[in-house]
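There is one chain below, alone, in structure tokens, taken in the form predicted on its own.
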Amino acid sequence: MAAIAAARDGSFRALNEASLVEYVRATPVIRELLGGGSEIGELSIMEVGDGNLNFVYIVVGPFGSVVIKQALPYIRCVGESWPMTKDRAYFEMLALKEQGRYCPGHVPEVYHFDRIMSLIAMRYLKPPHIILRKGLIAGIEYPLLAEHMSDFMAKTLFFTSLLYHSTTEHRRAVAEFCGNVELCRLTEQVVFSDPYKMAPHNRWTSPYLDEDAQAIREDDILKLEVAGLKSMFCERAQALIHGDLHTGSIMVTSDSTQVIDPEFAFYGPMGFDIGAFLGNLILGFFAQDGHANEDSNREQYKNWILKTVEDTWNLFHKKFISHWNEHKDGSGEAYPSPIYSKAELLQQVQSIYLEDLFHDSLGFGAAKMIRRIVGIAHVEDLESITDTSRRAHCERRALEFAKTLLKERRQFRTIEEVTAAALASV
């Protein structure tokens, strides 16, 4: 009963499968979800965490199931040599509840939170739900992905911004999430700093990409652009962002899309979320040639990915403007209606806002692509290509496109120009 005793005396203990059974049996909310009563019956527990930070368990009881996620005081993929606050579980819980309030159809419900144990119990997304990244590797098309993700991003970003909030509400929310400083600092390091210098945890497909990695470290124009993005990431509290919205943080079926793992959440630039999602889709696009075989050249699938990129941005743009128009006379204080009552002036403001957001998204997306090739944490889309020379070929093309996108993003006027440039790069 060590886990229960730890919780009662105010101390933290890392759970394993055996101690998790004790914890579940002693926690009424979870026990009721799984089968009720003190004699809950046999439990099936499987650890499924394949991310970089946490342990994740699927717990199945006689009459129900739940996912239990525990944050440990270090980064899982590195070990105890890289300490990390357990409080990230608290911010993940807050974000799940806030995002679920605005977009309940695409966020799993939180059932239980234990701050002492840094533990969240939430809805189990049952099969056939799989991680989107694995679906992209397998070449599976998801016809509702763009519709669902544009909906999630438009709602969660608009309704947590000053376009909807009063400044009082906004500052209060910003202050709450400012406590997630260690996760923000981790992003600052691994996305905006480490790839552009010799850092101990950096890695790439060597020796094939040795010169490519060195070229990034010596590219002063690239560094200037990244410095601007880092400044925006650190200073601009635009909306509540997921903070790690890549294709490994989304679970899907043909008709369901669920956004998970918002432990990096804080009030930051909207473009960081949009760029993370689009940038990871584009990484999936460049990886397809490495997964092509005699049964499938993946050309049709590559076109589907790029069409999904286009549809996601275009639908997001449409929905975001729709939310803005619907609530233009509300409590949002960014552009108060007594000042921006003229239709043509409001349209001009919206055009400027969305154009800036588009270019922000392209910049952040490009930075996320670069860090996934020459930084600490890579993506399975590329890592699963077993032929290293073939993998390096895909990575080099992705890297060159990302560098161009980062430096020249302001020259792109439409998302179709971006996807055309990606297609021309392969």
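Note that residue numbering begins at 1 and tracks the sequence as displayed. On a predicted model such as this, the values are computed, not experimentally measured, just so you know.
Omitted from view is the form predicted together with a further copy of the same chain, to which the following refers.
Shown alone, this chain has one stretch from 181-189, 204-212, 284-292, 246-254 that lies within 4.5 Å of a further copy of the same chain in the model of the complex by heavy atoms: 181-189. At the 4.5 Å threshold, heavy atoms of residue 335 reach a further copy of the same chain in the model of the complex.
At the 4.5 Å threshold, heavy atoms of residue 171 reach a further copy of the same chain in the model of the complex. Not displayed here, a further copy of the same chain is kept clear of residue 130 by more than 4.5 Å at the level of heavy atoms in the model of the complex. The closest heavy atom approach of residue 138 to a further copy of the same chain in the model of the complex falls outside 4.5 Å. Every residue of the trio 231, 266 and 339 has some heavy atom no more than 4.5 Å from a further copy of the same chain in the model of the complex.
Proximity to a further copy of the same chain in the model of the complex, taken as a non-hydrogen atom within 4.5 angstroms, holds for one residue of 321, 94, 237, 103, which is 237. Contact with a further copy of the same chain in the model of the complex, judged by any heavy atom within 4.5 Å, is made by just one of 297, 303, 166, 325: 166.
Contacts with a further copy of the same chain in the model of the complex, taken as any heavy atom within 4.5 Å, map within 339-353 to 339, 340, 342, 345, 348, 349, 352.
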